[in-house]
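The data below hold one chain only, encoded as structure tokens and taken in the form predicted on its own.
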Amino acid sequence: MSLDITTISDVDDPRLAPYRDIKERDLVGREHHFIAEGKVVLSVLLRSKRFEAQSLLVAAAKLLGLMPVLDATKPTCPIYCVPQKIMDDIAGFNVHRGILGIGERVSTPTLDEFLAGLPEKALVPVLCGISNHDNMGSIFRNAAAFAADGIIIDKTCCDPLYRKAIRVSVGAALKVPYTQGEDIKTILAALEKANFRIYSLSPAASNYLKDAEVAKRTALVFGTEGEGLPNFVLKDTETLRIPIAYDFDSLNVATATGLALEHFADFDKLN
């Protein structure tokens, strides 16, 4: 099967419209699509069973280096090859990686559907109020690295398919299953009903992470930096702390998820 590669030299070509003014469109949303940026992320998208590439935009100087990925995945979508200057003019900034793709979103499972699809033994991070896209991407990367079975994201969190979140996750946002949209009270109630042992991470906790028991089904709740988790969450769950220097406030939430997931990880799933 041959690849559908087209060279375009006109900055106003309508086929390039989905890639125009990327940063501005990131702010208002892309309806049912998202941007994949860079060779590694694009490779994940092209191999994904959950998402589909609608088109690719590749700087001419980067096409040869991308060919092994294209030959291996054989995408059927259009591949537009343009000079670097046209890519930068279209995007509105210097796309130094020279590789972009438009992916199509799929509907996320409901909370009940997500929980029903988990294995009997499961590890799931739960995110409450995470609004920073760098942190969101890093949390997905940690979840993938420590073989978490999925992520539950409350309705106050940012979009894990935002371009920067996907890029920071190194494509893990396109790999790790997740559900998003419910409030944290509903999430906790559903987890309890599904027989999860629920831990919340907080610098104010009296129990240490290193002493926490690993349960058959474990949920780890993380809140935003600064405000942390709501008091009712800390009251209704077992709380854990990660020891840090006495004169320092707290860890970055992405760092905390990595440490916590490593403690609870099923090492049979790891190298």
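In this text, residue numbers run from 1 along the sequence as written. What you see is a predicted model; the values in this text were computed from it and never measured.
Beyond the structure shown, there is the form predicted together with another copy of the chain, which is absent from this document and is the topic of what follows.
- If you check another copy of the chain in the predicted bound form, you find a heavy atom from every one of 146, 175 and 259 within 4.5 Å.
- Interface residue remark: residue 232 is not counted as part of the site for another copy of the chain in the predicted bound form, having no heavy atom within 4.5 Å.
- Residue 68 falls outside the set of residues with a heavy atom inside 4.5 Å of another copy of the chain in the predicted bound form.
- Using a 4.5 angstroms threshold between heavy atoms, residue 50 stays clear of another copy of the chain in the predicted bound form.
- At the 4.5 Å threshold, heavy atoms of residue 200 stay clear of another copy of the chain in the predicted bound form, well away from it.
- Residue-level contacts in the predicted bound form: of 33, 217, 241, 62, one residue has a heavy atom within 4.5 Å of another copy of the chain, and it is 241.
- With another copy of the chain omitted here, the record of contacts in the predicted bound form names 135 to 143 of 118 to 126, 135 to 143, 192 to 200, 88 to 96, defined by a heavy atom within 4.5 Å.
- Of all the residues from 84 to 99, none has a non-hydrogen atom no more than 4.5 Å from another copy of the chain in the predicted bound form.
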